[in-house]
Ligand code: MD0
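Presented as structure tokens, the chain that follows is alone, the form predicted alone.
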Amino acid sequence: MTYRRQSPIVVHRSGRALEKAMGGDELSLEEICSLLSVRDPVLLDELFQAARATRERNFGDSVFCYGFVYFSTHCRNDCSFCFYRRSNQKITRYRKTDEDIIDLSTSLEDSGVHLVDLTMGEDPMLHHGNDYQRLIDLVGRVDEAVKVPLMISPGVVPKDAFPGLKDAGADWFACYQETHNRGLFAQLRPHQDYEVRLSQKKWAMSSGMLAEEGIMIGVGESIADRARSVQIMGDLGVRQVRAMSFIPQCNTPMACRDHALFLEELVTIAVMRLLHPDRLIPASLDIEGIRGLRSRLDAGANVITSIIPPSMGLAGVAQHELDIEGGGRTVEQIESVLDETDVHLATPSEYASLISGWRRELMSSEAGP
């Protein structure tokens, strides 16, 4: 990877911001922008080293892995970046049965994942009116079948659905804003409500679930937009924060755009680690597959996401076919990469203990004095 040299003034400013971040001092928006702009090779190495050291102080040498079950690729939305947008009529979609979903979830648990992520488009069959009992029942059936924690990623649901999802066994709720620039949000997610989507994370936490927020890199946002998102994710109080590179998808309005530079994602991961040291930060296999795992771990990530069992007819999100059918996204493949690093997979009990503590904190804070 080739890095460009930066002026001494820019390097000095970024170096000062890095020193403050390493010292645990609060950074201004301008200082966060400075860190996100680091491209000087020497300073990049220092940034990534600082991110790894911060991860080690908070999580030791343990990392976690999440299994991924994208169980319905039908969606009512028309997101400009998404392969499975409603208007893309040139693709084959699927909708897994409850039995399929349970089998996939138990298979992932048996393979050694710490969590199963149940993901779907906003399928009209499940997003029908305000009755989400069908989705709640599905979560309950999976929770009965597996012992590992569950994440649910169903898109936008009404506020009164959250207690039911939590009681059915969902430990996490994920719903990505992609950007916190409202104008850009409207372009990426046309005819969707920014505030309602942002409130998903708040409603999830108020019901007792942990929440994840995420942004996309390379969709037309500025460095200042990224910096503001890093701040907002911290202010929300979510326990998992992610940044993923934009990959152009065929038959979408953004198909002809260049894909994001992966270095931009790596720098964002490192900055998020420094500013949110005790949060989980994913290294997604959905962007570069297994070959991109090491660089994301080296940037400070500590959750390996989008582990998908092969030969099961499942798809990814950012890259719907990458490394899936041939078995490139398995726990076994991950462990072969980790053997060459200073980190290892945590035990299931380590992960369960971590999030149980967070959930107790969350319920205590929601209950008030």
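The shown structure was predicted, so the numbers you read here are calculated from the model rather than taken from an experiment. Start at 1 and count along the sequence shown; that's the residue number.
Keep in mind that the form predicted in complex with the ligand is missing from the display, and what follows is about it.
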Taking the ligand in the predicted bound form as the reference, which of Val238, Ala170, Ile269, Ala174 has a non-hydrogen atom within 4.5 Å? Ala174
In this chain shown alone, the residue from Ser105, Asn181, Thr119, Ser207 with a heavy atom within 4.5 Å of the ligand in the predicted bound form is Thr119
Contact label in the predicted bound form: Asp286 to the ligand, heavy atom within 4.5 Å: yes
Would Val317 sit within 4.5 Å of the ligand in the predicted bound form, counting heavy atoms only? yes
Is there a heavy atom of Arg242 no more than 4.5 Å from a heavy atom of the ligand in the predicted bound form? yes
Any non-hydrogen atom of Ile136 within 4.5 angstroms of the ligand in the predicted bound form: no
Check Cys65, Asn302 and Tyr351: does every one of them have a heavy atom within 4.5 Å of the ligand in the predicted bound form? no
Heavy atoms within 4.5 Å of the ligand in the predicted bound form: which stretch in 305 to 313, 35 to 43, 334 to 342, 51 to 59 meets that? 305 to 313
What residues in 133 to 158 sit within 4.5 Å of the ligand in the predicted bound form, counting heavy atoms only? Met151, Ser153
